[in-house]
Every structure is written in structure tokens, then in C-alpha cells.
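Coming up, as C-alpha cells: structure 1 and structure 2, two forms of one and the same protein chain.
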Structure 1
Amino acid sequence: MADLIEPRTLKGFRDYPPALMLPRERVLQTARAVYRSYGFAPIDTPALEYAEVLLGKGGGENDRLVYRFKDHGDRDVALRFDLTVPFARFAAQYVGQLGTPFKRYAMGPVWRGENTAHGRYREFWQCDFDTIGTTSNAADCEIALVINDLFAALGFDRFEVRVNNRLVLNGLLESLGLADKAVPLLRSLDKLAKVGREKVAEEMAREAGVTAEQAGRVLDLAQTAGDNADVLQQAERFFAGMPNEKATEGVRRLRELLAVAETAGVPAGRIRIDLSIARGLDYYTGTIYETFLSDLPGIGSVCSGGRYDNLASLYTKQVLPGVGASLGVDRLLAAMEELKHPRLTGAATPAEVLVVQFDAARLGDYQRVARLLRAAGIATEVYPEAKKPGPQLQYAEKRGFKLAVIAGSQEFAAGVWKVKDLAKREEVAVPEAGLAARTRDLLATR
């Protein structure tokens, strides 16, 4: 007997059995449908790229988290660690053919060799959508609408899109003479909700070398509270004493975004101005979005993004501004599981109806009704063995089928099919002519 190889998966990589894959596919399908409904077009790029393309010239901090190796032709290559950088390369390469503005979405796995944790893996999916080639605030407003429609379509009612604009924060830092320290300051500020004002102030002093008073000014603005109108008004007052062009423009854009969302019909309360949202990534330059589930804010943002001045400066001299966001699929699914979201049924089958195979000689009849139901849009499986109905019904309920269709000699003699609701354990006899319609009714009302 040969030695067996132990079946196992790499640290941070996962298998997806049907019960995980089905809700995942539903989320991806929903996202795809919403993105497309706004005119975002699908693109894809290779998983593997030249390391130089993904890492830039320096490499630097990314070296640790990027899977990088020599291929068989001794090329220095790396697996993509997000969808944004390959998109920047793509945009630089094809902007001539694509024209601007250009709206795309992309969904796919990305890889990061960092340490694992609950809900954090070395292979995970991103679902990005971006509009590039325009600085118009209309594109920023639309991103907020997409996020709203996306979560509504996913079956969420209680969520909040928190919006800020880096121009406001950068304007403040400029006024305080701290513009060159924006990166460490904003990275610290991003932790405000998590660690509190005191610790953020400490970290700002330590990491960015600012005075306690300077840190206090930044935090005062960030912590402006109240409803959206209040916050914007207070921000304007805040800058009244030290007029700043950037901050003024930032506030104007936020004000417009709110007005557009309201007029376009986004329910009140869905969008909230939050001047403390910074996003750690230094390439954001304008509007910033984070999305929180009101019933589970602790899990963090489930859809984030923002505006950047120049996506593709590494690859082209053509300036390509843009704005977009990314759905955190794995985090969202973890949240849905924790919230016992009604769409997570735990089913391990995409089919709703199981045809019990009673009599092997009738297989053709079983497959005929199954096809009849499938033609009516109802996914239907015929049990692959003829045996006692008990075990077949057990199989059906365990896998998450909703209805069973049963017929033996009595039913065939009477010209009917029995349709059984597996949860209620009730069955009705239906002639074949009305079977599809009746089945659809039963599925709809359960």
C-alpha cells in the first residue's frame, strides 16, 4: 500500500463547501446586478503580474505581504494583493481605447501573505467598482447611491454609509502647517472609533511629532457631532477664522452629495457625514466612504472606498482621477452569519424541489416532471437511487430542499403527483397539468 498524502489546505486558505459557497454566490450575483444596473462594465486582469507593476519601483512595505517569486522563465512576478493596482495598470495601458469617463467593476480573489485572524485570510475576494477619468462630484454622489442600493438589494435595511472628504482634513492640516504629516496623522485618526481620543492624541504626538494642541485641533474637527446639517455648519464655522480653499471645497462637495442623495430618493439616515473617517490608505484625496451595519458596527466597514486624484501615475503621464469602492465579501458574510441574516438558509443545495425516486421503472416519468419544473424556473433534483421514501425525505430536508414531489403506483393510477412541504410535513395531490403553478405557489407562501 502506497503512502497516502495528507489532504490539507495552506494557512489562511479555505475550502468552500456548498453551504458557504451558495450564500457567497448570492452576494456576488447581487453586487454584480447592482453594479451593472448603474452601467459599470466588467473587466478582469491576471492574477499574476510583473512584480515591478504591482510593487512600484521601491517595493518597500509591501514586500512582506505580497506573494512574489521567480517564474519558470526567471521573471520576477507577484500575485495581485488588490484589484486597484492592476486596474491602474489596465487603465494606463488601454485608456486610449477605453476613453473616459470609464466605469468598471471587477470581482476576484486577491492574495496577501500576512498573518491570519478571524475573518482575515491570505486569499479573499474583492468586489470593486470605480469611475475613472472625471473629477466631477456627480461620480462621487453616484458611488454613495450604489452602496445604498447594494445593501438594500442584499436585504439590509439598517445600515449607514459614513462619508467624509479628505479635502476637509487636508485643509485643516494645511492651515495648521502639518500638511507634510498627513499620512501618519490620518492613519492615527482612523483609529478614533476603536481606541478613543486620548490614545489617538498620544499616537499623533509620538508618530507625527505634533504638539498636544495641534492634535487637539485635528480631533476637535473630527469629533464634530450632530446631524448632517449641523456637522457641515460647524465645519464651516470651524474654518471661518482660517479660510482654506480645500476645506471649503470639501464641505461643498459633501453638501452636494447629501442633497443629491436626498433628491434621488435615498432614505433619510442612510448617509451620515462623519469627519473622523480617514481611511488608512494615503492615496485617497477626496470623498471617503465607509459602510457600517447598524446591528453590528463592531465588525467594521463592509464597503469602503474613496476618491483619488491620480490612479495610474506609476504607469502613465496621463492624469486619471477616479472614485470607487469595494465590497468586503468575506467580512459581510461573517456579519450575515452573526446576525442570522434570513438569506443565510444553511442550505447545501441550490435546488428547491426533490423528486423522490420511488419506482426505478418510472425514472423517465420522474425526470419528465423534473424538467417540467425546471422549465418553470424551479431548480429540481431527482433522487439518484430508487429506495424507501423515508431516507429520501430525510436527505431532502437535511440538504435544505423545500418541497418533495412523490409518486408511486397509486398516484400514477390516479394521475396525480404529491407535493410535500418538508418543513410543515403536509402534502397535497396535484394533477401534472397544474404542477408547476402549484409548486411555485407553495414555494412562494412558505
Structure 2
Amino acid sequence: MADLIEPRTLKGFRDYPPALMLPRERVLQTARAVYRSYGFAPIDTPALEYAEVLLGKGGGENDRLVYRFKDHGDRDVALRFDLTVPFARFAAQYVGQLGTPFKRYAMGPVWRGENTAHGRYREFWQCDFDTIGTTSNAADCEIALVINDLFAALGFDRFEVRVNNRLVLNGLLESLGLADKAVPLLRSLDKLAKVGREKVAEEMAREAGVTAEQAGRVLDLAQTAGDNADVLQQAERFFAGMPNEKATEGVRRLRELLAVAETAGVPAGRIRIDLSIARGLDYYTGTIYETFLSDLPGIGSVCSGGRYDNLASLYTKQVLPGVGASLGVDRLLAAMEELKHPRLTGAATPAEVLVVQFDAARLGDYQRVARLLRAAGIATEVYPEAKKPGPQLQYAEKRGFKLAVIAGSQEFAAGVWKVKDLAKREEVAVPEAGLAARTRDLLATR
């Protein structure tokens, strides 16, 4: 006999049993509902693209993380590393049919050959929403509103959406004569929270060749502290001695975003101006967003994005500015596991009710009642074997069912079904005509 193959997964990849897959589906369902409520329409793009479509769009450092290979037709292809670059290609290809502005959402796996960490995998799901075809700051403001509504709908009330604008950072670099070194400087700045000021300054000097004074000026702006009003006022004073139109416009857009969010009813403190946020991808040009869970900030941003006004220009001469954000589903689930979030129920079944099978000769009746409950919108499973109720109820409790519906010869003779609350260990006899309504009522109290 041939040697058995050891069942194992690749580093950075993971399996999802029902106890994790069910919460992930609930997260995706919630995100889909929030996105659609704002008018975003669904699209999808292939996992595999021509390498030239993907490479050079997120920066040289990101290109090294792309899974790239020759297919059977000897074509140079690569797995998508995010959903934004494929969307830019998609928009350029179909803009004549879509019209602008166009609002889309997309959900699917992406791949990056990067170092793994807590909540960071090499295959992971993103859940994007974008508006393309407008430079209006109204679209940028709406992104912040969607992020707020998304996390509220997911059951979080302690989170913070940190916002910056690349125009502020790029304006500073222009004023310092460092515009041509923006890519390495901002990539280094993006590491500030992880490695600290001193190491970032050293990397800026090493990678961009800037002086200690120049690095210090960039870091001084990035580390501006205070509430939102203070940070914006300090930014304006910072540029008073070296006026820059880009920086002025960036501050104006941030101020408008805050005003819109406040008027629209976003709770105070949910959105914070953070001038240190740079985002590592090179294609961002304006507003940028990172979202942190207040009870677990160390896991990193769980929803990030920004404005990318030039990305689609790589595929079309038509100007297609865009702005959007992406929910990191797998990182969010890792955080929910660690926080023991109530949405992670641990149930291994999507059904709420188990119909216990006493008598194989009555299988048709058990399936009939199960269909009756399903028709009332109650997910119901029938146990596949006729056996004593004890093992069936143990199965129900282990899998996470909420109720069991039971009938033996006596119940059939009386025309009733017993409904048992598995957590409370309580049961009640219900006439079949009222079974669906009573089951709904019992589930509503769980």
C-alpha cells in the first residue's frame, strides 16, 4: 500500500470549519446588506489576471508578495493581491456600459505571499466597496459613513475610524522638495505605529536619502496630537510658513468629512484625524482610512482604503477617479474570536431546530413537519437515524441547535409535538397547527 499523505495545510492558509464559516457568512451577509443600502451594486472579477494588470500597482515591495507564474498557455499570470486593482481594470474595460459615477461592492479571496502573523494570512477574504468616476469629496465622506454603519451592524460599538488625506502629506513633501521621494518616505511613515519615530527616521534616511531635519519635519506633522479640531488647526499653522495648495485642500476635505459625519449622526469619537496614516499602497492620492477596534487595537486595521484618482489611467485614457475601502474579513474574525464576540456563537449548524426521529416508519411525518417549519422561515434539520432520544439530543446540544421537536407514538395519537428548549431543559406540548408560531415565539426569546 502506498504511504498515506499527511493531511495538512500550507503555511499562511487555513481551513474553516462550520463554527468559523458560519460567522464568516454572517459577516459577509451583514456587509452585503449595508453596502446595498447605500446603492453599491455587486460585481466579481477573476482570481487570476495577466501579471501586467497587477504588477507595479501597489509598489515594488508589494510586487514581491504577488503569486506569479506561467499558465499552461505560457502566459505570465498572477493571483490578485487585492480587489481594487482588478476593479480598476474592470471599470476601464466596461465604463461605456456602466456609466459614472458607478458604485460597486465585491467579496472574495485574495493572495499575498507575505509573512504570517496573528490575523494575517496568505489567503484571505476582502469585502470591498468603491465609487468610481467622481472626484467629489461627498464620495469620500460617504465611505466613512459606510464604515461606521458596517461596524455598528456587525455588533461593535467600540471602534475608531482614523482618517488622513494624502494631499496633506504630499503637500508637505512638495514644500520640502521631496515630492520625487514620496513613495519610499510614505512607505516608511506607514510603519510609525509599529516601530516608532527613531527607526522610521533611520529608514527614511536609508531608503529615501533624506536628511535628519527633513525626516524630522515629516514626523513632526505625522505626530500632531490632540482632538480633531486641534489637529487640523495645528496642520494649518504647520503650513502657514510654507503655503501649499495641496495641503490646504487636504485639510479642507478632512474638515468637511468631519462636518458631514457629525451632521449625519455619526457618534462623537468614532472618526479621528490621524496625520500619521499613509497606507502602504502607492496608488492612494487623497483621503485614506484605517479602522481599529478599541478593545483590540494590536490586531491592526480591520477596514482600510482610500482615494485612488490615477489607478484606472493605467488601462484607459478616460479619467476614472475612485474611492473605497475594504473589510478584512479574516482579520476581523480573528479579532472576534479573541474578543469572544457574541456574533461568534460557536454553533456548528445553520439550523435552529432539530426534529428528533423516533420511528423510521414515521420518517415522512418528521420530514413533513420539518418542511412546515422551513416554510415558516425556521431552519430545521431532521436527524437521519431512528434511535433513542438521548444520543439525538446530545448531538443537538453539541452542534448548537436551540430547540428540539419531538414526537413518539403518544404524541402522534394526541396530535401534538413536544418542543424542547435545549438550554433551559424545558419542553412544552404544542398542537401541530400551532407548532410553527410557537416555535418562532420560543426562538425569539433565545
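Rigid core (definition): largest C-alpha set, two forms, superposition within 1.5 Å. Each residue is numbered by where it sits in the sequence of structure 1, with counting from 1. Every value quoted in this text rests on a predicted model; they were computed, and no experiment measured them.
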Name the structure that is the form predicted in complex with the RNA; the other one isn't. 1
Any chance the CA of residue 229 moves 2 angstroms or more between structure 1 and structure 2, core superposed? no
Spell out whether the Cα of residue 417 moves at least 2 Å between structure 1 and structure 2 when the two forms are superposed on their rigid core. yes
Rigid core superposition, residue 31 Cα moves 2 angstroms or more between structure 1 and structure 2: no
Using a rigid core superposition, the C-alpha offset of residue 433 between structure 1 and structure 2 in Å is 3.7
